[in-house]
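This document opens with one chain alone, in structure tokens, the form predicted on its own.
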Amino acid sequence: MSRLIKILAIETSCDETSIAIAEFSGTKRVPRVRVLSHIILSQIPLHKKFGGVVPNLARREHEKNLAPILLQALKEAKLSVSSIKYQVLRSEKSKALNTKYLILNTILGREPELLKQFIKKILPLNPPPIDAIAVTYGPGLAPALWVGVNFARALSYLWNMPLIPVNHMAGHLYSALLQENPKFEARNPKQIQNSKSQIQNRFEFRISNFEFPAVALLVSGGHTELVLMNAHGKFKVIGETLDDAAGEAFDKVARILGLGYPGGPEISAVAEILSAINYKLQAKLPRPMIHTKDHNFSFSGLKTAVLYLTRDLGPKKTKLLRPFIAKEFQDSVVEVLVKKTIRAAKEYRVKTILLGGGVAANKHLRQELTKIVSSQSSNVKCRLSDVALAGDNALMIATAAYFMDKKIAWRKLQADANLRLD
């Protein structure tokens, strides 16, 4: 049965402030996704000097940027943003307005800057024609999550709209199903690497036709998981990292090698310049847990191995051999991720393999996973997140919300920094 649904989605789990308005049409199984607006405001320049995300700084930036980004998203989506002219009168209407102020103060009391902007810029607006509000409620950094959750709760109350809480990792999983619709001119969203927000042009995706069961490899700065998916919203974590996540290991090794933040793109870029140096690295880094029978991961020891190697080489030789060390580290991580994923796919006899999360943008990982899947089985399909959607973004939250569609009262929603998919 065909239906048309507009979802406003909010993502603030870490250091990206993102809002998307997406329109879903067609069948529930394979809908078209028309992205009316999609804004991703990155905080990388702010956190770069610290070599990682500072939770309270991330929280402050979310609090400062959510209201302006929402107004821009509504404007880009061409949804009604006309204002209601409130008049302070001794009447039932003024009593109702005072009640709204009181409840909004209760919801946003811990975000004074956001509350101030909400009262000034959002309260006067007429409710836009949106069917539901989706928001990331975990996992992530607690201070950052709460800003987005409370903003969504305030909007849900003010506009009397359903609220759909979304697991951040489910968002990464569903991002692998978003494929450009070849029938439409599509412009991919780009990661915003400066302090100013930017509106993305309209574009259209379709949900990739895939079959259950599926196994998803989700790799990011905070998580590395293998997830079995037997139906929409039915997840089982069958493997996960026992210490550092893959993205976290990339950041730490980049720091050891004297590279910048975030570490993933830095290591990948350095590893690609090998042809310019005529030298062979004699040392081989370990492939942690690659032969264990379970589906878990461990990258802390690999990071330590890089640290010991650089100490043995010394600063000058480390700098000379940095591309080789970077490539060997990347090869180790990718080999472990791919082999564990293929092993899980065979054990559970899956029909689809999904790849999502920030590390899903890694070129070598994408190539190796695709190559091995296609060489070993013609019956298993591989679906990768679009590189532009591999990082944290609100479109993936809207997509997960559409398929899971589990509404909750705004009063009951709480952020959960340690939320699990299963």
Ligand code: KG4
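Residue positions are given as counts along the sequence shown, with the first one as 1. Since the model is a prediction, treat every value here as computed from it, not as a measurement.
What comes next is about the form predicted together with the ligand, which is not displayed.
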{"property": "Of 148, 171, 221, 165, the one that lies within 4.5 Å of the ligand in the predicted bound form (heavy atoms)", "result": "221"}
{"property": "Which of 250-258, 207-215, 149-157, 345-353 lines the interface with the ligand in the predicted bound form (heavy atom within 4.5 Å)", "result": "250-258"}
{"property": "4.5 Å heavy atom contact, residue 361 and the ligand in the predicted bound form", "result": "yes"}
{"property": "Partner proximity in the predicted bound form: residue 233 to the ligand, non-hydrogen atom cutoff 4.5 Å", "result": "no"}
{"property": "Partner proximity in the predicted bound form: residue 127 to the ligand, non-hydrogen atom cutoff 4.5 Å", "result": "no"}
{"property": "Touches the ligand in the predicted bound form: residue 390 (any heavy atom, 4.5 Å)", "result": "yes"}
{"property": "In the predicted bound form: members of 247-269 within 4.5 Å of the ligand, any heavy atom", "result": "247, 248, 250, 251, 262, 263, 264, 265, 268"}
